[in-house]
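Next up is one chain by itself, shown in structure tokens, the form predicted alone.
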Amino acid sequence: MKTVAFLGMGVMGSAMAGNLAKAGYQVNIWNRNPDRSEIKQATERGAAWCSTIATAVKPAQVIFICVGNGKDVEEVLFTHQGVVDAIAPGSVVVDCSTIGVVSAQAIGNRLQSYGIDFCDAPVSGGDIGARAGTLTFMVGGSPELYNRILPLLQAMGKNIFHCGPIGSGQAVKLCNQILVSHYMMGICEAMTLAEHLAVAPQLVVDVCGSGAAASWALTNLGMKVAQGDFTPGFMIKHMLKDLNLVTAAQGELNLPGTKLVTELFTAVANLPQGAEQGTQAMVRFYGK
């Protein structure tokens, strides 16, 4: 049985690790905060909790990481008692965090100096897709490494794409974040208008979701917007982190829509509890 390490037991990582265990892999998990409630969700599906990175990583052939940002990835990999101190020869690191192109390439180069292979593999599909095993993976790395990790990705996702060399997965993910953030603005404004015109929100989801306006966001988050259910699947603070990566990557490009949605999310993040709420809480900007 192939042994896999999964480092980072947030909403996404815990569900992904659980799906790997369910698929029959030996999955060793670790998290900086051992009291996080999501850890239990992963262990109940067969993953094994490890109290240190070394314990999780030493027997593993593939090490997945899913944490907050590039700095977090670097700490997990390179700080004392991190991955590079414990990894077995021939193992590969797969980072599922959203960290941007520059960080992914820098980490890949640094790992190469240790003789460690690396792929960036950010995901889309939210907590719903993570639990259901229907995530989309955007993979950057060599074709050989992509083929090596493909069966593992297929245990966690439905749509797996090899996007090119290291950093390419991150590049596509930034494009994805532009789209989903703009979708959310559209949903919030549509639901705000529907309420103003006394249109039932479910009608907006059903009718608009059957035509050209259909989207994953409308189907899965439309009613949450309408009902004021701001339970996070993907927090506003994480979306803002990703949009800031877009801003850093755009150079001289003029992306006014991205600037606008960043301002809207920032305004809601500054409201009480706003940063910790799901992206559907953008509707609070409109007075919900």
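Between two forms, the rigid core is the largest collection of C-alphas that superpose within 1.5 Å. Note that residue numbering follows the sequence shown and begins at 1. A quick note: this is a predicted structure, and the numbers were derived from the prediction, not measured.
Another form exists, predicted in complex with a further copy of the same chain; not displayed. Remarks below refer to it.
Of the heavy atoms in S142, none are within 4.5 Å of a further copy of the same chain in the predicted bound form. Shown alone here, G257 lies within 4.5 Å of a further copy of the same chain in the predicted bound form, counting heavy atoms only. Proximity of E189 to a further copy of the same chain in the predicted bound form: non-hydrogen atoms within 4.5 Å are present. In the predicted bound form, a further copy of the same chain stays beyond 4.5 Å of every heavy atom belonging to N33. The candidate spot formed by M138, A194 and V204 is fully in contact with a further copy of the same chain in the predicted bound form: every one of the three has a heavy atom within 4.5 Å. Interface residue among I128, V180, V92, A106, judged by heavy atoms within 4.5 Å of a further copy of the same chain in the predicted bound form: V180. Here is the short version: of L150, A88, A213, A132, the single residue with a heavy atom within 4.5 Å of a further copy of the same chain in the predicted bound form is A213. The stretch among 142-150, 76-84, 172-180, 109-117 whose residues place heavy atoms within 4.5 Å of a further copy of the same chain in the predicted bound form is 172-180.
Contacts between stretch 237-257 and a further copy of the same chain, counted in the predicted bound form as any heavy atom lying within 4.5 Å, involve V246, A249, Q250, G251, L253, N254, L255, P256, G257, listed in sequence order. Shown in the overlay between this form and the one not shown, fitted on the rigid core, is a CA shift at E75 smaller than 2 Å. Remark: with the core as the superposition reference, the CA shift of A132 between this form and the one not shown stays below 2 Å.
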